[in-house]
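Below sits a lone chain in structure tokens, taken as the form predicted alone.
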Amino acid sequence: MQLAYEGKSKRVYVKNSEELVFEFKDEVTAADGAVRATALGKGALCASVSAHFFRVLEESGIETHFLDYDGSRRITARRLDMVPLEVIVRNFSYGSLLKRMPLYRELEPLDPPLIELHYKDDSLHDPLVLPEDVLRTKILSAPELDELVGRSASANRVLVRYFESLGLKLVDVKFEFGFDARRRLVLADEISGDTFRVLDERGRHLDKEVFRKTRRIEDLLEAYRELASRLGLRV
């Protein structure tokens, strides 16, 4: 297969005109990619968790690009025309939100959840943008933007309820979307400890925040294994 793109956490291959293969890498980054390390087994853990959550969302009526999982580190997905935005849904105040608006208390509940739009560009550190920016630059039309926000809110609700059923707390999550051949918005990319923050009953992170704080690979892998175990996954 032809390599179409390689990012910080995945390689994307062209399978055919309608399908891509996402290969999850054993690499972890922090500080916008300035800190990099190899974490053997991380790719398979993230692929398994992503496949699991795509299935959870599909069962709840939220369309995703997911097609198949090979049981290791590769996911087959529909080819989409990606929207150059990251949608961050925040259920609790944490991370960069506290720097942007220090009047929030750490882990203060946000009800309704706060939905942010970020322009997807690593060289610019994925800056926060306004809905007006999205409309004026014609990234999306007004109905498409409303749909993007609505689908993000719906997907977040499904994940919040799912995590709560396991005794876990979803702090925030990042979504990406693309258009299919019929110009329908479809949830894409991945849903894993690399793209959400989740806390257990003792307030411990089961996500990449562990590496951001400690820079310890084994601590990260332990957290990701615990997350997979809580989801009933064997990797």
Ligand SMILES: Nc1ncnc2c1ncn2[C@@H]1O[C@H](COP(=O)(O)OP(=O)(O)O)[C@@H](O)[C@H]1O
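As the structure is a prediction and not an experimental result, all values here were calculated from the model. Heads up: residue numbers just count along the shown sequence, starting at 1.
Just so it is clear, the following notes concern the form predicted together with this ligand, a form of the same protein that is not shown.
- Using a 4.5 angstroms limit between non-hydrogen atoms, Phe211 is distant from this ligand in the predicted bound form.
- Proximity of Val129 to this ligand in the predicted bound form: non-hydrogen atoms within 4.5 Å are absent; the residue sits far from the partner.
- Arg157 falls outside the set of residues with a heavy atom inside 4.5 Å of this ligand in the predicted bound form.
- Ala188 belongs to the set of residues with a heavy atom inside 4.5 Å of this ligand in the predicted bound form.
- The three residues Val87, Asp133 and Pro143 each lack any heavy atom within 4.5 Å of this ligand in the predicted bound form.
- Heavy atoms within 4.5 Å of this ligand in the predicted bound form map, among the stretches 79 to 87, 157 to 165, 143 to 151, 105 to 113, onto 79 to 87 alone.
- Contacts to this ligand in the predicted bound form (heavy atom within 4.5 Å) from stretch 1 to 33: Tyr5, Gly7, Lys8, Ser9, Lys10, Val12, Leu20, Phe22.
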